[in-house]
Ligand SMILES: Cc1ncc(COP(=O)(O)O)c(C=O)c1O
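There is one chain below, alone, in C-alpha cells, taken in the form predicted on its own.
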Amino acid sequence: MDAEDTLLMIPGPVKVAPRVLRAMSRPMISHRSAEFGKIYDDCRSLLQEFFQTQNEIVIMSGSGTCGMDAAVGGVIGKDGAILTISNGKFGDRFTEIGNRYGKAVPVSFDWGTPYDPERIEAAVFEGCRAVTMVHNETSVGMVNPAREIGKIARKSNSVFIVDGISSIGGNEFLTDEWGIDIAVTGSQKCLAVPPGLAIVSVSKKAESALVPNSGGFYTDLLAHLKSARKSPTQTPFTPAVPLFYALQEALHMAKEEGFDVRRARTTRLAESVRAAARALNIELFPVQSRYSQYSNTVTAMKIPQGITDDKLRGGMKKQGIVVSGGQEALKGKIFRIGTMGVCSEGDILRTIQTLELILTREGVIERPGAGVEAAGKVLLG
C-alpha cells in the first residue's frame, strides 16, 4: 500500500491539504520574534471565529488530550472535585484526568447511550468546581447535549469544560451561547492540520477559577494565558513552530471557504455516509434521542453479519482506504468513517464504493451500487 495514495477516512488524524503541508516547509524562525507573534495573533483571531467565542484562545504544543489535561488540572486543584459525564471513551478520559489531580465524581452511561440530564443535575454536588463532558463522542459517533448541560453547570456555578476536539468546526458548537467556560480542540480534526496542537478557549469565569500551581507544569493554563498577552505574543515554552505555520494556513483555507459553509459541507458528507449505510442495510450504531444526535464528523456503524472487522477494514485498507474500528468493548463490533476537515465528495464516493466492493466480495451483499447511489443523491442535493 502506497502511503501517498492512501485515503485516511478516520476521525483524526485526517487528510491534510497540500497547501498546508507546503506551509510547514517554510524556514524556521525564532519563537520569541515579532514574526512568530504575528502568526500567533492571526491564529488566535481566526480561532475565536472558529470557536464562535469572544473568550481568550491559547495554543499548546500537544494533542487534544493536552488541552483536556490543562483544563481539568488547572481548575480542580489538589483537593478539589469535579463532575465528569461519560458515554464513551473520551468522557472516561476526563474521569481519569480528574483522578490524577483531585477527585472525579463520574456520571456514567453505557457507551452510545444518550445522557439523562435529570440524573446529571441530581449528581451535581456542593463545592463542585467543574462539570466536564464530551460534545462529540468520537468512540461512538454521537453528539451530546452541551446546551442543556451548560444550564446545569451554571446553576451550580461550576466551570463548564467541554471536549470539542472532534466537534468544533464540524458540528454546531456555540461556545459563548452555551456558556462553555473552557472548550478544547485538536489540530488534527476539523482544522485538518497534522497532530500536535491543542487549542483551548478560556472564559473570564474559568480564568478566575484556575488554581495557581495546581495542574501540570507544561500545561499550566495561567502560564499560557500570561504569555499570550505579551508583546510579541508567545508561548511559555518552545512551540512546534512548523505546526503554527500549518495552523495559520489551514485557518485561512477555512475562512476562505467560510466557517459556516464548512460546517454545512461536513453535515452533507455525513448525511451521505448515513444514507449509504441505510441503503446497504448497515445499522448505525448510536440511537438518536431527544438528548443525542448522529455526529457530522464521524459515522459509527455496526459491522454487518457475515463479515469480520479484519476482513472489512483490512480489505478496505488493501484497496487504499483506511477507516477506524471500535474501541475497547466495541472492538470488532463497529467501524467508523470520518467526514471532517478537507474531506471531499470524491473521498466519500471512493470510500463507499470500496466498502461495497468488499461487502460484495465477502458475500454480504449481492451486488455493489446501492450505497454509492444513495450517497450521490445526498451529495447532489
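Throughout, we count residues from 1 along the sequence that is shown. As the structure is a prediction and not an experimental result, all values here were calculated from the model.
As for the form predicted together with the named molecule, it is not shown, yet the points below apply to it.
- Note on the interface: of 260-268, 300-308, 211-219, 183-191, the segment with non-hydrogen atoms within 4.5 angstroms of the named molecule in the predicted complex is 183-191.
- Using a 4.5 Å cutoff between non-hydrogen atoms, residue 353 does not count as a contact of the named molecule in the predicted complex.
- Using a 4.5 angstroms threshold between heavy atoms, residue 61 stays clear of the named molecule in the predicted complex.
- When the named molecule is considered in the predicted complex, residue 165 lines it closely, a heavy atom lying within 4.5 Å.
- Residue contact check for residue 138: one or more of its heavy atoms lie within 4.5 Å of the named molecule in the predicted complex.
- The single contact residue among 285, 90, 245, 178, judged by any heavy atom lying within 4.5 Å of the named molecule in the predicted complex, is 90.
- The listed set 319, 344, 48, 65 contains one residue whose heavy atoms approach the named molecule in the predicted complex to within 4.5 Å, identified as 65.
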